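A single chain, nothing else alongside it, follows as structure tokens in the form predicted alone.
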């Protein structure tokens, strides 16, 4: 399906690896110009340099630093002249019980998983409003619906629930300007971060709970993100779409 995304400008956070990288590749394949953001400069550069047939630049940024986010977005808009798509994929994982975790752990994950999304959205809104068009895609998690999940804990799920609420509010606020806001809620995705967090026994128990019998592939998430970025999804906003193999039904 041709999504008519050629020469659209997209910012993807957390695009040095995992879900963010997968989405960046899917958007590049559709002809988008990319601004690849990641706190790991070498990972961001590696992703950008591997995207052929399109214009891509990389920048190291901690999305939890509001001043740095504002600076990077200003530079991106100056380079490309516009901003059509924002994908908030940067995120950090946390495990453990609330009672056992220090307050600093909440501050660490909330600063990236929730505050970082807000900072990026705020940096993107002015140019999208001027254009009267924009697509905001936030990566949430099925843990938002369950107060935690197979990999992330209660605090992680809380940050992702905040992303879901933010997405709904943005859809209401920005709809009059032709801007949509949607979230994707994956279950366990087959990434390096997942493999590092799961033992073989934990993976087996997770697979037993997934009706489709496998972990999500990066393409499962990336293909949906590309669709939501397109005008074919122009009347979809405020939605959080699970990509979970049916795990929420169990």
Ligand SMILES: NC(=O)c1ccc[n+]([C@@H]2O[C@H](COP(=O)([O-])OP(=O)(O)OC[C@H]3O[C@@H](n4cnc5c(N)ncnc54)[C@H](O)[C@@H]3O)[C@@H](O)[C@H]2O)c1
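Positions refer to the first chain, counted from 1. Treat the numbers as computed from the prediction; the structure is a model and nothing was measured.
Just so you know, the form predicted in complex with the ligand exists too; it's not on screen, but the next bit is about it.
Open item on the list: in the model of the complex, is there a heavy atom of the ligand that lies within 4.5 Å of any heavy atom of residue 58, even though the partner is absent here?
Closed with: Taking the distances in the model of the complex, the answer for residue 58 is no, it never comes within 4.5 Å of the ligand.
Task: is_contact(residue 28, the ligand) in the model of the complex, heavy atom dist at most 4.5 Å - done: Answer no; every heavy atom of residue 28 is more than 4.5 Å from the ligand in the model of the complex.
Task: Heavy atom of residue 50 within 4.5 Å of the ligand in the model of the complex - done: Contact check for residue 50: no, nothing within 4.5 Å of the ligand in the model of the complex.
Task: 4.5 angstroms heavy atom contact with the ligand in the model of the complex for residue 19 - done: Yes, contact at 4.5 Å.
Task: Triple contact flag 84, 123 and 237 to the ligand in the model of the complex, non-hydrogen atom at 4.5 angstroms - done: Answer is no for this spot.
Task: the ligand: the contacting residue among 181, 225, 32, 63 in the model of the complex [heavy atom, 4.5 Å] - done: For this set of options, the contacting one is 63.
Task: Heavy atom within 4.5 Å of the ligand in the model of the complex - the one residue of 77, 92, 145, 118 that qualifies - done: The option sitting close enough to the partner is 92.
TODO: Tell me, please, which stretch of 155 to 163, 125 to 133, 172 to 180, 95 to 103 lies within 4.5 angstroms of the ligand in the model of the complex when heavy atoms are compared?
DONE: The contacting stretch here is 155 to 163.
TODO: Pull the contact list for 167 to 205: residues with a heavy atom within 4.5 Å of the ligand in the model of the complex, in sequence order.
DONE: 186, 187, 188, 189, 191, 192, 193, 194 sit within 4.5 Å of the partner.
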